[in-house]
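Consider the single chain below, provided in structure tokens and representing the form predicted alone.
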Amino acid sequence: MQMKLVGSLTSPYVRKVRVVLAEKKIDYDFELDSPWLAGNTVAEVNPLGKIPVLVLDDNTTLFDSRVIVEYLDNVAPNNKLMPAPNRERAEVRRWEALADGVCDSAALIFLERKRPIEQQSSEWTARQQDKILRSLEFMASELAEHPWCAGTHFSLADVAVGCALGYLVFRFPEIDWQERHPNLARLYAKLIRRPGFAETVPQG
């Protein structure tokens, strides 16, 4: 029995795990499921009812993408995506937290827009949009002219940022981040040529 990943084709958090699995060249089974599908069984493997969930070969379950990708990076020594515990590692984790925060706000806007129009809060949506725009500005400033988010090497920081930017492309094409932040656009263009990103383009 090999590892099984439970998740959807649209979640940026699931995509982050799938990209890491590809970068680490780890074989796994992919079970499509989502807490938003009628009759889903996500809560049976994660009491929080969230995806992604990684089911290990002994049926132990790991959840939260940050926990899963750290486990995967440690279990397979090839293509290390996180440096040893030090300031550089903290920088990579900070990029990941920032990228996940962009995904959090974007997902909240997406869900808000699915509510009946009379129940939607424009103020709530604007607050989330402001978080996204501020984060993109910060990303662009921190990236500057570096080849990768955390300096000279591809890392988990780039995986997380690439998935966040890809989710904006998928769900919010009206946000003109590529025009406003050409350095982020260049980074994204480089990332989507990597097999892990090319094979996990959001669908649905």
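When you see a residue number, it is the position in the sequence shown, counting from 1. Every value quoted in this text rests on a predicted model; they were computed, and no experiment measured them.
Omitted from view is the form predicted together with a small molecule, to which the following refers.
None of the heavy atoms of G162 is located within 4.5 Å of the small molecule in the model of the complex. The small molecule is not shown here, but in the model of the complex it comes within 4.5 Å of a heavy atom of W36. Residue contact with the small molecule in the model of the complex: G166 places no heavy atom within 4.5 Å of it. Shown alone here, D64 lies within 4.5 Å of the small molecule in the model of the complex, counting heavy atoms only. Screening A107, I132, A76, L98 for any heavy atom within 4.5 Å of the small molecule in the model of the complex leaves a single hit, A107. Heavy atoms within 4.5 Å of the small molecule in the model of the complex are found in exactly one of 49 to 57, 135 to 143, 173 to 181, 148 to 156, that being 49 to 57.
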